[in-house]
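Heads up, the chain below is alone and in the form predicted on its own; it's given as structure tokens.
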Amino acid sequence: MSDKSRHDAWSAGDSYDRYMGRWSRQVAPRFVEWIGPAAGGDWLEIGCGTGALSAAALARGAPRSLLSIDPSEGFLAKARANVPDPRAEFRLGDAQALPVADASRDVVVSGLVLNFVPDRAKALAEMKRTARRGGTVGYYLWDYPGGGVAFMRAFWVAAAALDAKAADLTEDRRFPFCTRDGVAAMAREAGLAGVEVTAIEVPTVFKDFDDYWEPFTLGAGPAPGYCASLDPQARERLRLRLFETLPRRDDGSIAMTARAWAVKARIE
């Protein structure tokens, strides 16, 4: 399976917001509250996407400044539009080679990004390098192996039932380290101290089937990319299978949950 076929090119900000952004915006504030940063710090964010964690950091972390890095100009443009705060700067950059000075940030964070970075160890080393002594490094990732993103798992179960090749694209197979123990091990292997882990779970309620299905047709991310790659007949078969199998409440809504593993550590 080629890298291109995995559809990891996260760049279409509006499509991402419809697919994952509305749920990541629920996780981000709880993460910021959990890491408990002191007010007035200088923050660095790795992989800002459309600005969910950026907004939460500014609203609840009371930073003096926030520098948010992302490799996608499309995401940066969306984040700037979503987060028009003078304390924030959004800059093009690579998590594996951050354009940031050593020991220059009090809080260094990343939300739902590190699993997509080719060299996670290098990214964590860069996060550690840029943090000041006594500073905080934190990140969170979806609990893919534990079925933590239920609406995504339901999509892949239906897709694999119709196309055996789809099983190779599922996030639980691709990111088996996204467990409580796995995310903690990443921090310890990076030499971070005082590592703590917690689960952050949020509701993902779709008002009806169309609200569930439409984001998968937009092509942003692995599952939507797979869906968009199907011919019209195969896509319709997948849509019908999901329509027939997803649980609905009496009002037609589809209620599921999403869980992320969050990590915080300190720089000594």
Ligand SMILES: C[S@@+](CC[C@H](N)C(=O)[O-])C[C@H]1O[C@@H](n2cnc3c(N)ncnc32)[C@H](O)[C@@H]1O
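For every residue, the number given is its place in the sequence shown, counted from 1. What you are looking at is a predicted structure, and each value in this text was computed from that prediction instead of being measured.
One more form of this protein should be noted, the form predicted together with this ligand, which is absent from this view; the next part is about it.
Undergrad: Identify, from the list Gly93, Gly135, Gly148, Gly138, the residue with a heavy atom within 4.5 Å of this ligand in the model of the complex.
TA: For this set of options, the contacting one is Gly93.
Undergrad: Which pick from Leu112, Ala79, Val100, Met186 sits with a heavy atom within 4.5 Å of this ligand in the model of the complex?
TA: It is Leu112.
Undergrad: At 4.5 angstroms, heavy atoms only, are Tyr16, Gly49 and Ser72 all close to this ligand in the model of the complex?
TA: Contact check passed for all of Tyr16, Gly49 and Ser72.
Undergrad: Quick one: find which of 127-135, 82-90, 114-122, 165-173 has residues within 4.5 Å of this ligand in the model of the complex by heavy atom distance.
TA: Comparing against this ligand in the model of the complex, the contact stretch is 114-122.
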